[in-house]
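Two separate entries follow, structure 1 and structure 2, each one form of the same protein chain as structure tokens.
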Structure 1
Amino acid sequence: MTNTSDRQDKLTPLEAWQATLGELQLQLAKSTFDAWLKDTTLVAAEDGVFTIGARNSYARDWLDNRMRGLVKRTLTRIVGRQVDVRFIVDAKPVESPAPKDLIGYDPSEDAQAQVNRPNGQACALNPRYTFETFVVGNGNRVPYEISRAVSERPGMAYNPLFLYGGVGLGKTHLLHAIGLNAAQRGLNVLYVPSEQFTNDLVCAIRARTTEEFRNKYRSVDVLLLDDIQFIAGKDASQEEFFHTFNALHSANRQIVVACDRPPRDVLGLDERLRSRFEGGLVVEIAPPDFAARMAILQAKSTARACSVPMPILELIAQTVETNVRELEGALNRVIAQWEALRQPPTLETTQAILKDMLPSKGRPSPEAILQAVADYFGVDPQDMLGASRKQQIALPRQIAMYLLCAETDLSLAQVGAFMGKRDHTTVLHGRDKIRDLMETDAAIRLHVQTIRERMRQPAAVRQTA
């Protein structure tokens, strides 16, 4: 049997870097990956040092200060030996065109389509993220149909449109699909992650080019802003976006925003923006059910021209339940091993791949649960253990009780003792209340789902995402 080190020795430096990008894409928030790592290139790999090109000095410094450790650890694991990483400003890749690598990387997937616009600018839209390639299921049918309607009648139907849902459920795909459809109608489209909006604003202020910045964002027919939660708490960004929103909306220009939670639950979001978002249409993208997950896997398998056995697809669909990105990543790993070893996947090898790539599902500690809930809501854990009955404390406290009951072996009495020496009946009430609300309240369901996802992530990933 071929061992891991034998397979790793077959990787070229470029293949190793592409495999590393694939791993990082699974670990990081999409906005972080797209903003900082997606456009990086391998410049050289000599004497155990990988030299990576970034698009500008700002990106180089950010990667070196914030991501170097994670990138180095991931790359070391991929190549099977200790390596170092250094970042420089833009350079040509060491190999071109890029060969097919071992994780299913497709260069055209990262190459963004340049859509010509009336004012001579260009908007970055991924040509693969169309309505036709979006797999529709029970959890995303409504946002899919509404997004199509918006793309066909921008500024007329559902303006603004606010899409929200957990990580990897297709929010960005729908934004790109709306943009591509609108651009094909000759409209002026701009897609931008909110981090880029902030960066553009900072650069404009430093360079005293705020008028150019405003012209760029306020002259479009369709503005697509991704991961809006990242401007929360940033007063200058929110102030500028507030005026951009007003300028576009008053001119009947379409605004579509994506977020990981509904407007009322975004801590630090300007109340004026919150009311404007809620004045439009707020739509949840729910996790795919088993049938939808199977459809996604079959579609991706067909697109890769690989006939993956049905039992393998079923195993992946049963194991990866909430995140489409992880679902695709698992399939890519299975196909990559198939291509590398030239042996069809088996249930045994697939189980090993899934166990290796997915975060540990071991039971979290009570302290970890309490901290995860506190971090999510931005409150002090000690306040949750105290006597405060304020809604901003009471709701996190009840969610913590629910998760302590669901994720640990603690009894009601033990949970009560941990949560500030509360009676077991108080815990029972809090647990049952959250459980019932999850059946009817999409926001509560999203809170619990997101906290669970974050608890499954390694600490280093939580800090950088």
Structure 2
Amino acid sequence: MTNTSDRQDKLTPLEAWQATLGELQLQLAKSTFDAWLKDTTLVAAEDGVFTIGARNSYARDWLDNRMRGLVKRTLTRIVGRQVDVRFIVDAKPVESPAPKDLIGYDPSEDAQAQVNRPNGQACALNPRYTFETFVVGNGNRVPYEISRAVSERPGMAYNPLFLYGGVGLGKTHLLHAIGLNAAQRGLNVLYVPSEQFTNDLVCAIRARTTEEFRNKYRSVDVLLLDDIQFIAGKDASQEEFFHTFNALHSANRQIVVACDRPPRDVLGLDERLRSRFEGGLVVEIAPPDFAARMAILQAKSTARACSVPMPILELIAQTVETNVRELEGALNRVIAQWEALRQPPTLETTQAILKDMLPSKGRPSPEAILQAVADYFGVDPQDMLGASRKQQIALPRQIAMYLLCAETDLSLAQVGAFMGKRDHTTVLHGRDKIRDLMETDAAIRLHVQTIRERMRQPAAVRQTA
């Protein structure tokens, strides 16, 4: 938008990128160029930042770690002024939103580009979490259908809707899908993890801006409150949410809540809230059966333009039974290894990957740690593995590195590999920085403590009221 100063330029951004590729082709070994750069695309060029699309996340990370400096220097020379580059995945997956919608997605920017809210605020909806990318099977068919209906006629039926189920079964995905659908039709949508609701409230009370807080939450058409179990026991938040709830509900605005267990099992949940929830529709998302797990794996490998052999998918579906996120994680590892070694996976290599993934007793898995940090800060785990240097992403990333070092047996190099192919010195730096901050910064200490507690909460154990 703002990159067209007067001297800019004889070259369009696309021409500049093509010229850069031409130069790099001369400078680099053919195998390197062909493997990593040949298939890249110019996705956007704005404000002096060239956004370059790579085929998959592995290629993106490789480019970011090894090529960023060279690409940036070459491009800067060709354009004739200082520019920056960033790499994103531009794989044009099947049944995903158009690539354009993915450009620049960063939950910290709250996806302003995709969701134009009438009142000008942005809501953090992940454009990847749509109904189209949600694979329907046994276990999630009913919640899927109900969510669709709610997104089409918000406030008309099933209000409030209470979705519950174990970790990694698609609750957040469905909330976002509802939000995206409703926002697309011009409705004012607000998605908020209950953690953030609490934080917002605390800040508002401190800053004496509770009036604005109330306006924000009570002016929406659709309120999506995620992980409401974390609001339980917090009296001020529950009180405030109760009033928010009533204001919205009496105006026929839609409320959708996600939780890791049914209302009656949430210890410390305000009785009035519990009865409000039970007065609406309470729906369980159950773990997928084998056929559903296979369908999910097939959809995900197709989306990544990878035809993983059927026996491999079956082995994964047999081994990872209760968590779609882990199912996806296992598939990602198999594909990453395939790309790195350029050898198709075998049952043996897959078995080794799966064995490596399963947490030793009582210890959180690396995936669980990453997810706990991501959930706490309300960011996308994929972004933490990516290249963003924004503080909203960089801090969670460093905390994840700290926790991975502290809570698992992984070496620095393994943590680096897990965190998006980063160098072990990067991990060392991140770990030590958090360790030092914990000595001096109470807020950081609290972040880390809270996340630690969360990670240890076994998802399967239900509290009983």
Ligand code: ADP
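So that the term is clear: the rigid core is the largest set of C-alpha atoms that superpose within 1.5 Å between two forms. Source: prediction; values computed, not measured. For numbering, take structure 1's sequence and count from 1.
By the stated condition, namely the form predicted in complex with the named molecule, the second structure is the one that fits. In a rigid-core overlay of the protein, Ile78 has its C-alpha displaced by at least 2 Å between structure 1 and structure 2. After superposing the rigid core, the C-alpha of Thr130 moves by less than 2 Å between structure 1 and structure 2. Once both forms are overlaid on the rigid core, the distance between the two CA positions of Gly378 between structure 1 and structure 2 is 2 angstroms or more. Core fit done between structure 1 and structure 2; CA of Ser411 shifted by 40.1 Å.
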